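Take a look at this single chain in C-alpha coordinates; it is the form predicted on its own.
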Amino acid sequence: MLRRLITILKKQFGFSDHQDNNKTELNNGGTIEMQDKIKLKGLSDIYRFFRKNQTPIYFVSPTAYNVLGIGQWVQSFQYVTFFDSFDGGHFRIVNPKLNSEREFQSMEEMVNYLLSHKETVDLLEENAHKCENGSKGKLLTVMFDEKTEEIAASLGLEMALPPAKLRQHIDSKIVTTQLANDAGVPSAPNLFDVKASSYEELCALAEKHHLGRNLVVQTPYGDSGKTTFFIRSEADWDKNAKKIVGETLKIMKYINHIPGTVEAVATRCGTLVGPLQTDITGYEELTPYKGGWCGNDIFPELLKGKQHDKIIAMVKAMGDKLYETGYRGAFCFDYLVDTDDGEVYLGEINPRISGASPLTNLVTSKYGGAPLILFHLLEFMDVDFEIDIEEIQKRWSDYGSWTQLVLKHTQDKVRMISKAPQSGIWQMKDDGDIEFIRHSIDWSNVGDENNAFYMRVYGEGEYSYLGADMGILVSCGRMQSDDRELLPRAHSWINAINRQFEFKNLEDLEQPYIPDQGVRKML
(Lines give C-alpha, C1' and ligand atoms only; values in the text may rest on other atoms or scores of the structure.)
Protein backbone atom coordinates (compact mmCIF):
# COMPACT_ATOMS: atom_id res chain seq x y z
CA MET A 1 0.00 0.00 0.00
CA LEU A 2 2.78 2.41 0.98
CA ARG A 3 4.78 1.70 -2.19
CA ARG A 4 1.65 2.27 -4.31
CA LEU A 5 0.99 5.58 -2.56
CA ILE A 6 4.57 6.64 -3.21
CA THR A 7 4.18 5.79 -6.91
CA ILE A 8 1.03 7.89 -7.14
CA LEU A 9 2.73 10.83 -5.41
CA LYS A 10 5.74 10.56 -7.72
CA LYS A 11 3.55 10.74 -10.80
CA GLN A 12 1.47 13.57 -9.40
CA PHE A 13 4.34 15.81 -8.38
CA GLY A 14 6.82 14.88 -11.09
CA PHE A 15 9.46 13.06 -9.02
CA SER A 16 12.24 11.25 -10.89
CA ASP A 17 12.59 7.45 -10.64
CA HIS A 18 16.03 7.66 -9.01
CA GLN A 19 16.12 7.30 -5.27
CA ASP A 20 19.19 7.22 -3.04
CA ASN A 21 19.63 6.89 0.71
CA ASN A 22 15.92 7.10 1.36
CA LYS A 23 15.55 10.29 -0.70
CA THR A 24 14.01 10.77 -4.09
CA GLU A 25 14.94 13.71 -6.25
CA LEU A 26 12.39 16.18 -7.45
CA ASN A 27 12.65 17.51 -10.97
CA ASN A 28 13.09 20.95 -9.45
CA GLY A 29 16.21 19.82 -7.57
CA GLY A 30 14.60 19.25 -4.19
CA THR A 31 14.28 15.96 -2.36
CA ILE A 32 11.62 14.08 -0.49
CA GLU A 33 12.18 11.58 2.30
CA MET A 34 11.02 8.07 1.38
CA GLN A 35 10.24 5.18 3.66
CA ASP A 36 12.04 2.51 1.69
CA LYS A 37 14.62 2.16 -1.09
CA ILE A 38 14.13 1.43 -4.75
CA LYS A 39 16.03 -1.54 -6.14
CA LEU A 40 18.31 -0.86 -9.10
CA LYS A 41 17.25 -3.02 -12.02
CA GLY A 42 19.48 -3.15 -15.05
CA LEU A 43 22.33 -1.06 -16.39
CA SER A 44 20.35 2.15 -16.91
CA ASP A 45 19.57 2.32 -13.19
CA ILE A 46 23.18 1.49 -12.35
CA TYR A 47 24.57 4.16 -14.66
CA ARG A 48 22.22 6.72 -13.13
CA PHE A 49 23.10 5.64 -9.61
CA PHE A 50 26.83 6.11 -10.09
CA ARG A 51 26.45 9.25 -12.20
CA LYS A 52 24.60 10.89 -9.31
CA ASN A 53 26.56 9.23 -6.52
CA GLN A 54 27.47 11.69 -3.78
CA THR A 55 29.16 9.24 -1.39
CA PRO A 56 32.92 9.85 -1.62
CA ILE A 57 34.82 6.75 -2.73
CA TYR A 58 38.60 6.88 -2.15
CA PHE A 59 41.03 4.59 -3.94
CA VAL A 60 44.21 4.64 -1.82
CA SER A 61 47.26 2.92 -3.31
CA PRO A 62 50.84 3.59 -4.49
CA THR A 63 49.47 4.36 -7.99
CA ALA A 64 46.05 4.85 -9.56
CA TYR A 65 46.67 2.23 -12.24
CA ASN A 66 44.53 -0.66 -10.99
CA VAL A 67 41.27 1.29 -11.33
CA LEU A 68 42.41 4.11 -13.60
CA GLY A 69 39.52 5.64 -15.54
CA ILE A 70 36.78 4.64 -13.08
CA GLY A 71 36.43 8.26 -12.01
CA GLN A 72 34.78 8.88 -15.39
CA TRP A 73 31.98 6.50 -14.39
CA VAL A 74 31.56 7.27 -10.72
CA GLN A 75 30.78 10.71 -9.36
CA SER A 76 32.70 11.55 -6.17
CA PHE A 77 35.48 9.04 -6.94
CA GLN A 78 38.91 10.18 -5.74
CA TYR A 79 42.41 8.69 -5.99
CA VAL A 80 44.91 9.13 -3.13
CA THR A 81 48.28 7.90 -4.37
CA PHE A 82 51.93 7.95 -3.35
CA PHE A 83 53.36 8.47 -6.84
CA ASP A 84 52.39 11.56 -8.81
CA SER A 85 52.40 9.86 -12.19
CA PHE A 86 50.64 12.77 -13.88
CA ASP A 87 52.68 15.68 -12.49
CA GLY A 88 49.58 17.23 -10.98
CA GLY A 89 47.66 16.86 -14.24
CA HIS A 90 44.96 14.46 -13.02
CA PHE A 91 42.09 16.37 -11.46
CA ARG A 92 40.94 13.44 -9.29
CA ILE A 93 44.32 12.53 -7.76
CA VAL A 94 45.72 13.74 -4.45
CA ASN A 95 49.37 12.95 -3.62
CA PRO A 96 50.05 13.50 0.11
CA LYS A 97 53.56 14.86 0.51
CA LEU A 98 56.17 12.64 2.14
CA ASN A 99 56.91 14.72 5.23
CA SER A 100 59.68 12.60 6.70
CA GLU A 101 62.08 9.83 5.78
CA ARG A 102 60.00 6.69 5.50
CA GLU A 103 61.07 3.10 4.95
CA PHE A 104 57.95 1.26 3.85
CA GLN A 105 58.13 -2.49 4.31
CA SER A 106 55.02 -3.39 2.35
CA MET A 107 52.28 -2.02 0.14
CA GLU A 108 49.94 -2.27 3.12
CA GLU A 109 52.23 -0.01 5.14
CA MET A 110 52.30 2.55 2.34
CA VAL A 111 48.49 2.50 2.15
CA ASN A 112 48.24 2.97 5.91
CA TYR A 113 50.63 5.92 5.71
CA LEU A 114 48.62 7.56 2.93
CA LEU A 115 45.38 6.98 4.80
CA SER A 116 46.71 8.51 8.02
CA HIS A 117 48.30 11.52 6.33
CA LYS A 118 46.98 14.93 7.33
CA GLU A 119 46.26 15.83 3.69
CA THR A 120 44.04 12.75 3.41
CA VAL A 121 42.30 13.49 6.71
CA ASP A 122 41.68 17.06 5.55
CA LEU A 123 40.27 15.73 2.26
CA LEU A 124 37.85 13.47 4.14
CA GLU A 125 36.69 16.40 6.27
CA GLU A 126 36.26 18.58 3.21
CA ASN A 127 33.94 16.01 1.61
CA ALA A 128 32.20 14.88 4.79
CA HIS A 129 29.07 16.91 4.03
CA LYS A 130 28.38 14.66 0.99
CA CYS A 131 27.63 11.64 3.16
CA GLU A 132 24.16 11.18 4.56
CA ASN A 133 24.70 8.18 6.82
CA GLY A 134 27.27 9.72 9.17
CA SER A 135 30.29 8.09 7.53
CA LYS A 136 33.07 9.86 5.64
CA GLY A 137 32.72 7.64 2.57
CA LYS A 138 34.04 4.34 1.21
CA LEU A 139 37.61 3.05 0.99
CA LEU A 140 38.91 1.00 -1.92
CA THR A 141 42.46 -0.28 -2.28
CA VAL A 142 44.50 -3.20 -3.61
CA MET A 143 46.50 -4.36 -0.57
CA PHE A 144 45.45 -3.75 3.02
CA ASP A 145 45.52 -5.36 6.43
CA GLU A 146 43.65 -5.20 9.72
CA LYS A 147 45.59 -2.03 10.62
CA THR A 148 44.09 -0.40 7.53
CA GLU A 149 40.63 -1.37 8.75
CA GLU A 150 41.37 0.18 12.16
CA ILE A 151 42.57 3.45 10.62
CA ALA A 152 39.59 3.58 8.25
CA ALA A 153 37.16 3.03 11.12
CA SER A 154 38.82 5.76 13.19
CA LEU A 155 38.45 8.15 10.26
CA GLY A 156 34.80 7.23 9.69
CA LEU A 157 35.46 5.42 6.41
CA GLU A 158 33.65 2.23 5.43
CA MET A 159 35.63 -0.51 3.71
CA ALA A 160 34.38 -1.28 0.20
CA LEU A 161 36.24 -4.60 0.38
CA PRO A 162 35.85 -7.97 2.11
CA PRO A 163 37.43 -8.19 5.60
CA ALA A 164 41.23 -8.47 5.64
CA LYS A 165 41.09 -11.58 7.82
CA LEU A 166 38.82 -13.39 5.37
CA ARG A 167 40.89 -12.28 2.40
CA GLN A 168 44.10 -13.47 4.03
CA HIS A 169 42.46 -16.82 4.78
CA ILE A 170 41.32 -17.32 1.17
CA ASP A 171 44.63 -16.10 -0.26
CA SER A 172 46.36 -19.24 1.01
CA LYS A 173 46.96 -21.68 -1.83
CA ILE A 174 46.12 -24.47 0.57
CA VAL A 175 42.71 -22.98 1.44
CA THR A 176 42.04 -22.07 -2.19
CA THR A 177 42.63 -25.65 -3.30
CA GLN A 178 40.26 -26.99 -0.66
CA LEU A 179 37.55 -24.46 -1.59
CA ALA A 180 37.97 -25.35 -5.26
CA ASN A 181 37.63 -29.05 -4.48
CA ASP A 182 34.44 -28.29 -2.54
CA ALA A 183 33.11 -26.30 -5.52
CA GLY A 184 33.98 -29.04 -8.02
CA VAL A 185 36.65 -26.89 -9.67
CA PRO A 186 39.63 -29.05 -10.75
CA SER A 187 43.25 -28.18 -10.00
CA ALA A 188 46.27 -29.74 -11.73
CA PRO A 189 47.12 -33.14 -10.16
CA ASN A 190 48.39 -32.32 -6.69
CA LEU A 191 48.52 -32.95 -3.00
CA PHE A 192 48.33 -30.15 -0.48
CA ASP A 193 48.57 -29.34 3.19
CA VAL A 194 51.77 -31.40 3.51
CA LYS A 195 55.38 -30.75 4.54
CA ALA A 196 58.71 -32.04 3.26
CA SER A 197 62.03 -31.67 5.05
CA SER A 198 64.24 -33.25 2.36
CA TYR A 199 64.32 -34.02 -1.34
CA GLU A 200 63.82 -37.72 -0.59
CA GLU A 201 60.72 -36.92 1.42
CA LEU A 202 59.34 -34.73 -1.37
CA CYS A 203 59.91 -37.50 -3.94
CA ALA A 204 58.23 -40.08 -1.70
CA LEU A 205 55.13 -37.89 -1.37
CA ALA A 206 55.05 -37.27 -5.13
CA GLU A 207 55.47 -40.94 -5.95
CA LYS A 208 52.68 -41.97 -3.59
CA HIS A 209 50.30 -39.61 -5.41
CA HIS A 210 51.58 -40.39 -8.92
CA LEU A 211 52.90 -36.88 -9.59
CA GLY A 212 56.22 -37.92 -11.13
CA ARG A 213 59.58 -36.21 -10.53
CA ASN A 214 58.93 -32.98 -12.44
CA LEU A 215 57.21 -30.97 -9.72
CA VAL A 216 55.90 -27.52 -8.89
CA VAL A 217 56.04 -26.71 -5.19
CA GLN A 218 54.21 -23.74 -3.69
CA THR A 219 54.12 -22.26 -0.20
CA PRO A 220 50.78 -20.80 0.94
CA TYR A 221 51.40 -17.11 0.26
CA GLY A 222 53.31 -15.09 -2.33
CA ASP A 223 53.12 -13.76 -5.88
CA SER A 224 55.03 -13.09 -9.10
CA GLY A 225 56.79 -16.43 -8.97
CA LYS A 226 58.62 -15.68 -5.71
CA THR A 227 57.08 -18.60 -3.79
CA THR A 228 56.59 -21.07 -6.63
CA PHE A 229 59.47 -23.49 -7.08
CA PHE A 230 60.16 -25.81 -9.99
CA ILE A 231 61.83 -28.93 -8.61
CA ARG A 232 63.20 -31.36 -11.18
CA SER A 233 66.31 -32.54 -9.34
CA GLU A 234 68.02 -32.56 -5.98
CA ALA A 235 70.00 -29.51 -7.10
CA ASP A 236 66.72 -27.60 -7.58
CA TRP A 237 65.66 -28.66 -4.10
CA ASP A 238 68.96 -27.57 -2.55
CA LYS A 239 68.71 -24.15 -4.20
CA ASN A 240 65.24 -23.49 -2.73
CA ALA A 241 65.17 -25.66 0.40
CA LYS A 242 65.46 -22.71 2.83
CA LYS A 243 62.20 -21.28 1.49
CA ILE A 244 60.37 -24.63 1.45
CA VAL A 245 61.33 -26.55 4.60
CA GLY A 246 59.00 -25.81 7.48
CA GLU A 247 56.25 -24.43 5.20
CA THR A 248 52.92 -26.08 4.50
CA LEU A 249 53.07 -27.05 0.85
CA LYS A 250 51.05 -27.62 -2.27
CA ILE A 251 52.90 -30.07 -4.54
CA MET A 252 51.76 -30.31 -8.16
CA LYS A 253 52.63 -32.36 -11.18
CA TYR A 254 54.29 -30.09 -13.74
CA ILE A 255 52.17 -29.74 -16.86
CA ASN A 256 53.00 -28.04 -20.13
CA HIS A 257 50.54 -25.21 -20.06
CA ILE A 258 49.36 -21.79 -21.10
CA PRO A 259 48.75 -19.60 -18.03
CA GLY A 260 45.95 -17.11 -17.99
CA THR A 261 43.74 -15.12 -15.71
CA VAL A 262 40.21 -13.85 -15.58
CA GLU A 263 38.75 -11.29 -13.23
CA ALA A 264 35.30 -11.83 -11.78
CA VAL A 265 32.98 -10.31 -9.19
CA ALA A 266 31.04 -12.38 -6.67
CA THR A 267 27.67 -10.69 -6.11
CA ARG A 268 24.36 -11.46 -4.44
CA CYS A 269 22.97 -12.14 -7.95
CA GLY A 270 25.70 -14.59 -8.91
CA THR A 271 29.24 -14.34 -10.24
CA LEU A 272 29.92 -11.98 -13.11
CA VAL A 273 32.95 -13.08 -15.18
CA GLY A 274 35.13 -10.78 -17.28
CA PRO A 275 37.00 -11.66 -20.52
CA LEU A 276 39.80 -14.25 -20.41
CA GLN A 277 43.38 -12.98 -20.47
CA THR A 278 46.71 -14.71 -21.00
CA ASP A 279 49.62 -13.98 -18.70
CA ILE A 280 52.83 -12.38 -19.85
CA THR A 281 55.44 -13.78 -17.49
CA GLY A 282 59.12 -14.21 -17.01
CA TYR A 283 60.55 -12.20 -19.94
CA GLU A 284 63.98 -11.00 -18.93
CA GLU A 285 63.39 -7.73 -20.79
CA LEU A 286 60.56 -6.96 -18.34
CA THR A 287 61.27 -8.65 -15.03
CA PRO A 288 64.26 -10.01 -13.12
CA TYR A 289 62.08 -12.75 -11.63
CA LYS A 290 61.90 -16.10 -13.38
CA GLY A 291 58.19 -16.81 -13.88
CA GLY A 292 57.34 -13.36 -12.55
CA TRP A 293 54.21 -11.58 -13.81
CA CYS A 294 54.90 -8.70 -16.20
CA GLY A 295 51.60 -8.11 -17.97
CA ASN A 296 48.63 -9.59 -19.79
CA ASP A 297 47.09 -9.65 -23.20
CA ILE A 298 43.49 -10.05 -24.16
CA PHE A 299 42.16 -11.01 -27.58
CA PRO A 300 38.83 -12.42 -28.80
CA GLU A 301 40.30 -15.57 -30.37
CA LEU A 302 41.54 -16.78 -26.98
CA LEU A 303 40.16 -20.22 -26.05
CA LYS A 304 36.91 -20.26 -27.95
CA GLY A 305 34.57 -23.22 -27.57
CA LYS A 306 34.52 -25.87 -24.85
CA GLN A 307 37.69 -24.74 -23.08
CA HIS A 308 36.40 -21.17 -22.86
CA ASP A 309 32.99 -22.27 -21.60
CA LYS A 310 34.51 -24.64 -19.06
CA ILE A 311 36.75 -21.93 -17.61
CA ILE A 312 33.79 -19.54 -17.33
CA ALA A 313 31.79 -22.26 -15.54
CA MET A 314 34.73 -22.92 -13.18
CA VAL A 315 35.04 -19.22 -12.34
CA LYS A 316 31.31 -18.94 -11.66
CA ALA A 317 31.40 -21.99 -9.39
CA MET A 318 34.43 -20.60 -7.55
CA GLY A 319 32.84 -17.17 -7.17
CA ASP A 320 29.63 -18.63 -5.84
CA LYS A 321 31.65 -20.72 -3.37
CA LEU A 322 33.55 -17.63 -2.23
CA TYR A 323 30.27 -15.80 -1.70
CA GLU A 324 29.10 -18.67 0.52
CA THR A 325 32.17 -18.08 2.70
CA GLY A 326 31.23 -14.42 3.10
CA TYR A 327 33.60 -13.11 0.43
CA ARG A 328 32.07 -10.67 -2.05
CA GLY A 329 33.43 -8.48 -4.78
CA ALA A 330 36.36 -8.69 -7.18
CA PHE A 331 38.75 -11.63 -7.38
CA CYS A 332 41.14 -13.02 -9.97
CA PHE A 333 41.02 -16.64 -11.09
CA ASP A 334 44.30 -17.87 -12.57
CA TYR A 335 43.79 -20.80 -14.91
CA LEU A 336 46.10 -23.28 -16.62
CA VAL A 337 45.45 -24.88 -20.00
CA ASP A 338 47.31 -28.18 -20.40
CA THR A 339 48.77 -28.00 -23.91
CA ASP A 340 49.22 -31.80 -24.06
CA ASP A 341 45.61 -32.86 -23.53
CA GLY A 342 43.62 -29.60 -23.52
CA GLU A 343 42.41 -29.92 -19.92
CA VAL A 344 41.85 -26.70 -17.99
CA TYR A 345 42.64 -26.25 -14.30
CA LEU A 346 42.54 -23.70 -11.53
CA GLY A 347 45.98 -22.21 -10.89
CA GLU A 348 45.29 -19.97 -7.90
CA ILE A 349 42.99 -17.23 -6.63
CA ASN A 350 43.88 -13.61 -5.92
CA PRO A 351 41.06 -12.41 -3.66
CA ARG A 352 41.40 -8.72 -4.48
CA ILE A 353 41.53 -6.09 -7.15
CA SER A 354 44.66 -7.05 -9.07
CA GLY A 355 47.02 -6.31 -11.92
CA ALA A 356 44.52 -7.90 -14.32
CA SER A 357 41.86 -5.36 -13.32
CA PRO A 358 42.99 -2.56 -15.69
CA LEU A 359 42.58 -4.65 -18.87
CA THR A 360 39.32 -6.10 -17.57
CA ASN A 361 37.87 -2.67 -16.89
CA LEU A 362 39.21 -1.32 -20.17
CA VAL A 363 37.53 -4.01 -22.28
CA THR A 364 34.28 -4.29 -20.31
CA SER A 365 33.78 -0.53 -20.46
CA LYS A 366 35.07 0.20 -23.97
CA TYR A 367 33.21 -2.69 -25.67
CA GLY A 368 30.58 -3.70 -23.10
CA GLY A 369 29.54 -0.34 -21.70
CA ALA A 370 30.13 -1.15 -18.03
CA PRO A 371 33.48 -1.63 -16.26
CA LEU A 372 33.43 -4.74 -14.08
CA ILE A 373 34.51 -2.77 -11.03
CA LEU A 374 31.08 -1.08 -10.93
CA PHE A 375 29.56 -4.37 -9.81
CA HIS A 376 32.16 -4.72 -7.09
CA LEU A 377 31.26 -1.25 -5.83
CA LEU A 378 27.54 -2.04 -5.92
CA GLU A 379 28.10 -4.79 -3.38
CA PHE A 380 29.45 -2.24 -0.93
CA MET A 381 27.17 0.71 -1.60
CA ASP A 382 24.02 1.29 0.42
CA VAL A 383 21.73 0.23 -2.38
CA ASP A 384 19.84 -2.86 -3.41
CA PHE A 385 20.19 -4.14 -6.95
CA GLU A 386 19.08 -6.92 -9.21
CA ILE A 387 21.02 -7.77 -12.37
CA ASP A 388 20.82 -10.38 -15.10
CA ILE A 389 24.33 -11.84 -14.89
CA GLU A 390 24.14 -13.71 -18.22
CA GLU A 391 22.75 -10.74 -20.10
CA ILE A 392 25.43 -8.35 -18.85
CA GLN A 393 28.22 -10.82 -19.48
CA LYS A 394 27.18 -11.19 -23.12
CA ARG A 395 27.99 -7.51 -23.64
CA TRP A 396 31.72 -8.15 -23.62
CA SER A 397 31.80 -11.23 -25.82
CA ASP A 398 33.09 -9.26 -28.82
CA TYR A 399 36.07 -6.98 -28.35
CA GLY A 400 39.43 -5.90 -29.73
CA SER A 401 42.92 -7.02 -28.70
CA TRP A 402 44.86 -5.19 -25.99
CA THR A 403 48.13 -5.69 -24.11
CA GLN A 404 49.57 -4.28 -20.91
CA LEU A 405 53.27 -4.55 -20.11
CA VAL A 406 54.67 -3.85 -16.64
CA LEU A 407 58.25 -2.65 -17.02
CA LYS A 408 60.39 -3.50 -14.02
CA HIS A 409 63.99 -2.39 -13.59
CA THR A 410 66.00 -5.43 -14.63
CA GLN A 411 69.51 -4.23 -13.72
CA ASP A 412 70.93 -5.00 -10.30
CA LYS A 413 72.20 -1.47 -9.94
CA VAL A 414 70.92 1.39 -7.78
CA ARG A 415 70.92 4.74 -9.59
CA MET A 416 69.12 8.05 -9.34
CA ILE A 417 66.68 8.74 -12.18
CA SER A 418 67.54 12.06 -13.82
CA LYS A 419 64.96 11.82 -16.64
CA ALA A 420 61.86 9.66 -17.02
CA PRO A 421 59.20 9.35 -19.74
CA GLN A 422 55.98 11.28 -19.13
CA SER A 423 52.62 9.67 -18.60
CA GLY A 424 50.44 10.02 -21.66
CA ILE A 425 50.11 8.92 -25.28
CA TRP A 426 53.28 7.96 -27.17
CA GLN A 427 53.63 7.14 -30.85
CA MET A 428 56.00 4.66 -32.50
CA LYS A 429 57.88 6.14 -35.46
CA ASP A 430 59.17 4.29 -38.51
CA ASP A 431 62.72 4.28 -37.17
CA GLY A 432 61.68 2.40 -34.00
CA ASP A 433 61.93 5.42 -31.76
CA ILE A 434 58.93 6.89 -29.97
CA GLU A 435 57.52 10.38 -29.63
CA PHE A 436 55.36 11.89 -26.88
CA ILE A 437 52.07 12.92 -28.51
CA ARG A 438 49.87 14.28 -25.75
CA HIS A 439 49.08 14.21 -22.05
CA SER A 440 46.36 11.77 -21.09
CA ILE A 441 45.00 10.54 -17.79
CA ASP A 442 44.12 7.08 -19.12
CA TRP A 443 44.23 4.91 -22.22
CA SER A 444 41.06 6.29 -23.84
CA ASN A 445 43.02 8.07 -26.53
CA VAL A 446 45.01 5.07 -27.74
CA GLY A 447 43.80 4.83 -31.32
CA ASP A 448 45.85 2.14 -33.02
CA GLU A 449 48.87 -0.14 -32.62
CA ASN A 450 51.27 2.71 -33.32
CA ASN A 451 50.02 4.45 -30.17
CA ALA A 452 50.43 3.39 -26.57
CA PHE A 453 49.51 4.83 -23.20
CA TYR A 454 52.43 4.90 -20.78
CA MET A 455 51.96 5.53 -17.07
CA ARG A 456 55.09 6.43 -15.18
CA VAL A 457 55.64 5.11 -11.68
CA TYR A 458 59.18 6.18 -10.73
CA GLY A 459 60.20 9.63 -11.87
CA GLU A 460 63.03 12.14 -11.77
CA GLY A 461 64.86 12.29 -8.44
CA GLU A 462 63.78 8.82 -7.37
CA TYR A 463 65.90 5.70 -7.32
CA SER A 464 65.83 2.74 -9.65
CA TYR A 465 66.73 -0.67 -8.26
CA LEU A 466 66.36 -4.31 -9.20
CA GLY A 467 62.68 -5.22 -9.51
CA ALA A 468 61.26 -1.68 -9.24
CA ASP A 469 58.01 -1.17 -11.20
CA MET A 470 59.19 1.67 -13.46
CA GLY A 471 55.97 2.08 -15.48
CA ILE A 472 53.14 0.42 -17.40
CA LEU A 473 52.49 0.41 -21.13
CA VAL A 474 49.00 -0.21 -22.56
CA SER A 475 48.39 -0.60 -26.29
CA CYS A 476 45.94 -2.02 -28.82
CA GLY A 477 46.87 -5.35 -30.36
CA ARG A 478 48.93 -8.24 -29.15
CA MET A 479 52.56 -8.22 -28.05
CA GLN A 480 52.90 -11.94 -27.36
CA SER A 481 52.57 -14.79 -29.86
CA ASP A 482 50.45 -17.93 -29.48
CA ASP A 483 53.73 -19.71 -28.65
CA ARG A 484 54.34 -17.24 -25.85
CA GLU A 485 57.16 -15.28 -27.41
CA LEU A 486 57.34 -11.50 -27.32
CA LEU A 487 56.49 -10.08 -30.73
CA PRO A 488 58.91 -7.64 -32.42
CA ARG A 489 56.63 -4.68 -31.62
CA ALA A 490 56.89 -5.54 -27.92
CA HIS A 491 60.68 -5.40 -28.09
CA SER A 492 60.46 -2.09 -29.95
CA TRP A 493 58.22 -0.51 -27.31
CA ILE A 494 60.22 -1.87 -24.36
CA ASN A 495 63.53 -0.67 -25.79
CA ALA A 496 62.10 2.71 -26.78
CA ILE A 497 60.60 3.39 -23.35
CA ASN A 498 63.81 2.32 -21.60
CA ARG A 499 65.78 4.73 -23.79
CA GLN A 500 63.71 7.59 -22.38
CA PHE A 501 65.25 7.08 -18.93
CA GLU A 502 68.48 8.74 -17.91
CA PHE A 503 70.33 8.00 -14.68
CA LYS A 504 72.99 9.38 -12.38
CA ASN A 505 75.40 7.03 -10.70
CA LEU A 506 75.46 7.31 -6.94
CA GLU A 507 78.30 8.88 -5.05
CA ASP A 508 80.02 6.56 -2.59
CA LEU A 509 78.55 8.36 0.41
CA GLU A 510 74.95 8.22 -0.81
CA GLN A 511 73.04 5.35 0.74
CA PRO A 512 69.42 5.59 -0.38
CA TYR A 513 66.79 3.39 1.17
CA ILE A 514 65.80 0.63 -1.24
CA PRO A 515 62.55 -1.21 -0.49
CA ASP A 516 62.76 -4.89 0.21
CA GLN A 517 60.85 -7.32 -1.98
CA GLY A 518 57.67 -6.82 0.04
CA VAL A 519 57.15 -3.31 -1.28
CA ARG A 520 58.72 -3.50 -4.71
CA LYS A 521 55.30 -4.53 -5.93
CA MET A 522 53.35 -1.35 -6.68
CA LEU A 523 50.42 -2.70 -8.73
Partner chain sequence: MKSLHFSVINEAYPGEKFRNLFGKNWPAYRAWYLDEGEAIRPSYLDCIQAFKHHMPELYPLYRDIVKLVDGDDLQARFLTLYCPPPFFSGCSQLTSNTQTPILIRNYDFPPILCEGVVSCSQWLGKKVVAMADCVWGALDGMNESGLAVSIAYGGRLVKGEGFGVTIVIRYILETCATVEEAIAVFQRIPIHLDYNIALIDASGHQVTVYIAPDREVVVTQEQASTNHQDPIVPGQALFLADTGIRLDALNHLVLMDRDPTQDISSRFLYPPLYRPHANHNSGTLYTAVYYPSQGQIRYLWPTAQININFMDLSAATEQEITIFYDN
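Positions refer to the first chain, counted from 1. Small disclaimer: the values here were computed from a predicted structure and weren't measured.
There is another form of the same protein, the form predicted in complex with the partner chain; it is not shown, and what comes next is about it.
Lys118 is the sole member of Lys306, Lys118, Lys242, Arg438 with a non-hydrogen atom lying within 4.5 angstroms of the partner chain in the predicted bound form. The listed set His257, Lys226, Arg102, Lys253 contains one residue whose heavy atoms approach the partner chain in the predicted bound form to within 4.5 Å, identified as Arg102.
Among residues of the shown chain, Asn133 is not one whose heavy atoms approach the partner chain to within 4.5 Å in the predicted bound form. The closest heavy atom approach of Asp122 to the partner chain in the predicted bound form falls within 4.5 Å. Although the partner is absent here, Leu155 is a contact residue: one of its heavy atoms lies within 4.5 angstroms of the partner chain in the predicted bound form. In the predicted bound form, the partner chain lies within 4.5 Å of some heavy atom of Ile151.
With the partner chain omitted here, the record of contacts in the predicted bound form names 93 to 101 of 93 to 101, 263 to 271, 276 to 284, 157 to 165, defined by a heavy atom within 4.5 Å.
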